Structures are given as C-alpha cells and as structure tokens.
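Two forms of a single protein chain come next, each set out by itself as structure tokens; they are called structure 1 and structure 2.
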Structure 1
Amino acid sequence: MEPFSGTSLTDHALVSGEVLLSFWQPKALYRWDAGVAISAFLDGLKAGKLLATRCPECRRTLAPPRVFCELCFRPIGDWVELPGAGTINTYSVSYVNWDATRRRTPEVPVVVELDGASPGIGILHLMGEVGTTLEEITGKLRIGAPVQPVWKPAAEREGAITDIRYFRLAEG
C-alpha cells in the first residue's frame, strides 16, 4: 500500500467545478482568560503597582500572585502591594534573540526577587542602563544588587508585564 493513496486534485477539477469549493472569512477572535490573580496583577501593572498575594496558612507572599498556595494548598485572598524594588537573583548576558538570530548588542534577562515577597519568589524581566558590552555589563551587575523598575508613562501602559520597561540598578 502506498503511504498516501488517493487521487490528487488538479487545477482543472478546481476551476471546472468538479470539486465543490467554499470561500469564507472566519471571524476568529481569540482571548486568553488570565484568571482572577493574574488579571489583578496585570491591572496593578497598568496602575504602576506590583501586587502579590499572601497565604494565610504559611504566610508566604507570592508574586506573581496565585489564588492558592502550591505548598499548603490553601486558598489565598489576602492582597498586598509590593514596593517595586528588588534584588538580582540571577542574570544572563545574551547575544541571541528569541528566534536564534545574533544580536550586535547584548540583552540582559534578569530574575528579580521583589522586596516584600518571600525569598526565592521573583519575576523574569530585562535589565537596562547597564552598558552595551560584556565588560561594561559584568562590571556593573552582581547577584544581590538592588534594582528598581523603570515604568512606561501611565498613558502608555496596557496591563502587561511590559508596562515595566526594564529594571535598573537602584540609585545609592
């Protein structure tokens, strides 16, 4: 048996009407439901705030927020606003884009442990204002360095993690 048995369609069959054709424009509108916790987190970002939830049982403060604690499985309803600053947990200097193309200047992804959140809880974002060469970047950054967010102007925010343009080293 041939792997793809059957009869191929020909241009003549399509043009002559031997084969029924139907043309239509689908109305394919898709939305992703972020859920209760992430929706509130994104609304907070639009307002220039970092929101977290606190577990009533184990007292962990989680950012991004969750509606239940994955350690003690208790529902979470206590919301707190974090100050926004944090410390570098880890970072990388990348000369490769998401599509595997090379970059001329590096991008610096960073995991920031947010002040007010439980230890080990952080978000992945980008560092800015750290230079354009490997030497400049590694000369400025260190694990544990304090950072602060750089927000888009309020009129440009849309309720996305990119409402924080990047993190930069904290002044002082």
Structure 2
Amino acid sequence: MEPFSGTSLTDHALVSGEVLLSFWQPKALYRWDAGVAISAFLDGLKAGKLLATRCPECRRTLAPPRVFCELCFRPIGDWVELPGAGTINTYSVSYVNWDATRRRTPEVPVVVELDGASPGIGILHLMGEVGTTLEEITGKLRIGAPVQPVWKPAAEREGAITDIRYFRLAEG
C-alpha cells in the first residue's frame, strides 16, 4: 500500500510564523425559552420541589419531565412531586475542564435515579461532601448508594438545575 498524503504540522510551526494563520472569534449569544415541560420543572426547583410527569399509558414517571411520552408517543398532562432523594446510578471523578485544562480538585458528576420515578429514570447532577482525592471519593461512593439533594436557601433559588447545590450521601 502506498503511503498516504497529508502534511502534519508541529506546535512550533504554528507559533513560529512558518505557517500562515487566520483567526475568527464568533460572538454568539442565544436566548432560549425553557418550553412547556422544563418551565414547570424549573418553577418547581425554585419552590424547592422536584417535579416529574407520568405517562397514563405506559405508567412511567419521567424526569427530566416532558409533555409527551417518547415511547407511547402521546401527550402527558399528569405531574407528580418526587421526594428528591435517590440512588447513584453511575458517577465519575473528573479532573478535566471543558477546555481540556486540568483541575486540581475533581468534580464528581453523577446520574441520580430518583425515588418515586420509574426504575432507571435519573438526572445528571454533581456529588458534594465526598472528599477531594480519587481514592477517598471512589472509596466512599458506590452504585446503588442512597443520596439526598442539598438545596440552596429559598432566597437564593432562581429556577435553575443549580437550585440543587449538589447531592450528598444519605445518612445511615
């Protein structure tokens, strides 16, 4: 097989002027309205409540809530309040930021399966109060462990997923 074509550039070539460069920085700004289901969900968070919807056909209780069931493909109008607690479905210990720079202390993203929702129905969030080293965190957390939300004080809540500050391991 013939060697294929392509000219590989070094980092040096990019900073030394050996290769001509051109830059563009788009100034993109978007305003999203939260939609029917998520507006109600965010309103609930502001009030310190975790809301879900229930499909009358397949009986699944769903979070994040939606106003249609993607399985039955029919509208959903039934809302239920969940207790807020749940169990760990899976978690990670992340040492990288979005721009691939490294973090000194890790973040701990988690999928929490919510009590009162159907089995396997979870949301993405963060764990807190779990320590600062990989050994400590992976030693403390296990899939299936019960967790509780830690809410911001009512006055600080703004109708956002971050109104729950994080989840922590449930006591006992």
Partner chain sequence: MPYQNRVAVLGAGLTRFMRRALETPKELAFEAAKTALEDAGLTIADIDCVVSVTAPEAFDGVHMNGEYLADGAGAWGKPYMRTYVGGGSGVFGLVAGWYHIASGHFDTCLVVAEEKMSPALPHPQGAFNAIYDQFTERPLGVNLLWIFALEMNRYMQTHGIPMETFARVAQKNKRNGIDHPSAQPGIAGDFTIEQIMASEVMAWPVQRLMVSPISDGAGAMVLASERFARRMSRPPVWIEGVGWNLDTSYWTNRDLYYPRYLEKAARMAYEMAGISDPRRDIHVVEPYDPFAYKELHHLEGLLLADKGQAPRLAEEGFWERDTAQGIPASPSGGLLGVGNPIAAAGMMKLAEIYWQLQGQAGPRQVKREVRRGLAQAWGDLMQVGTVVIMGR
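In this text, the rigid core denotes the largest set of C-alpha atoms whose superposition between the two forms falls within 1.5 Å. Predicted, not measured: the structure shown is a model, and the values here were computed from it. Numbers follow structure 1, counted from its first residue as 1.
Remark: the form predicted in complex with the partner chain is the source of structure 2; structure 1 originates elsewhere. Once both forms are overlaid on the rigid core, the distance between the two CA positions of residue 17 between the two structures is 2 angstroms or more. Core-superposed comparison between the two structures: the C-alpha position of residue 143 differs by less than 2 Å. Comparing the forms between the two structures on their rigid core, the Cα displacement of residue 31 reaches 2 Å or more.
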